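So this first bit is one chain, no partners, the form predicted alone, shown in structure tokens.
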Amino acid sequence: MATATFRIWRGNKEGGKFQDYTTEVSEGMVVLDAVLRIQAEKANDLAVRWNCKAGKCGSCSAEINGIPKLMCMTRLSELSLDLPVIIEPMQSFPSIKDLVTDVSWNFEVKKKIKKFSPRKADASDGTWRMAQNDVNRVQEFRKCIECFLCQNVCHVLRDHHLHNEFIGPRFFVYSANLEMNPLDTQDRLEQLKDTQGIGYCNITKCCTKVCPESITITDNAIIPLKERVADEFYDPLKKLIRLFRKKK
């Protein structure tokens, strides 16, 4: 059986350092397997968050050799084991301990987004009718597992720390899922413009690149939302109409 070295960040919000651990690895192992083996055999106090080990719960997000990934979906065969595999926590959120970060900010953000509010049912049996194209359009947004890798890699949160002004790509996806649903009656455009910071996104597509569910975050969610905001608030004709209405 081969061995490999894993350079794991150990510490908390007060600070920390990387520590090397060498452990046995075998064919088919993923990074999470190695981390749990190290935890069991060499570092019982190593903090790591995980649950399903199937890429569906989003719990084991981390940075592996500098790239945001799910540890349970990153096979060791994809990595070069000649050098230590560097594992560290997500950088956009406060450290709790070792590989575990405090992502509670995301859940507070979600509470502030206007919830789904359907229009009155349009069928005698109390149900609704909508075109299949409309169903298909929002379907991919529902695949999100809230791993927050997209939030972690977004430079507005990671580098500029604008958590009070910007909700991040995960919640633009959530908002798009609601805004693009023809049954919904809420208007979230002013919220997106004024308090949720969609204007800060410069569509680098870094969030799309790291999504483990392959959601086309930038092209299918963020850009259409930016277009809707621009049409509503920056279209010259609409601005003129609003000005005329105010004067009346």
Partner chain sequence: MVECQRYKHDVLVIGAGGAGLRAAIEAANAGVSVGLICKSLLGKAHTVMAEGGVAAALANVDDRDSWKVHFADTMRGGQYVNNWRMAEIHAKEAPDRVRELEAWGAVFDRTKDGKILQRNFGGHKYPRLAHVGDRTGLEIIRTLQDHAIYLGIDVHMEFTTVSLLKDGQRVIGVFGYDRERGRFKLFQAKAVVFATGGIGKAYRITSNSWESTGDGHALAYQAGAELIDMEFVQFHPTGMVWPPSVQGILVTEGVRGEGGILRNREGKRFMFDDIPDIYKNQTADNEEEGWRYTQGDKNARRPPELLTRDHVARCIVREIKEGRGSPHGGVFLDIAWIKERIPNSAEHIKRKLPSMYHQFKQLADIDITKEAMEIGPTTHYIMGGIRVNADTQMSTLPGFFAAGECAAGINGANRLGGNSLSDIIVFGKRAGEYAAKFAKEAGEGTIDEKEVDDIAKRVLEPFDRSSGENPFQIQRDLQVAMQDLVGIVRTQKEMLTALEKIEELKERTKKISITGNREYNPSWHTTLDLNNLLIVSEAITRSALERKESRGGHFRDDYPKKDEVFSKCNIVSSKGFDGKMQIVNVPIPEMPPELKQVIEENK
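What you see is a predicted model, and the numbers here were worked out from it, not measured in a lab. Numbering follows the first chain given and starts at 1.
Keep in mind the form predicted in complex with its partner chain is missing from the figure; the text below concerns it.
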In the predicted bound form, the one of S124, N164, S80, Q132 near its partner chain [non-hydrogen atom within 4.5 angstroms]: Q132
With heavy atoms only and a cut-off of 4.5 Å, decide whether N202 touches its partner chain in the predicted bound form. no
Consider K56 of the chain shown here, and say whether it contacts its partner chain in the predicted bound form, taking contact as heavy atoms within 4.5 Å. yes
Is D33 part of the interface with its partner chain in the predicted bound form - any heavy atom within 4.5 Å? yes
Taking its partner chain as it sits in the predicted bound form, is V156 in contact with it (heavy atom to heavy atom, 4.5 Å or less)? no
From first to last in sequence, which residues of 34-73 have any non-hydrogen atom within 4.5 angstroms of its partner chain in the predicted bound form? Q39, A40, N44, D45, L46, A47, V48, R49, W50, N51, C52, K53, A54, K56, C57, G58, S59, C72, M73
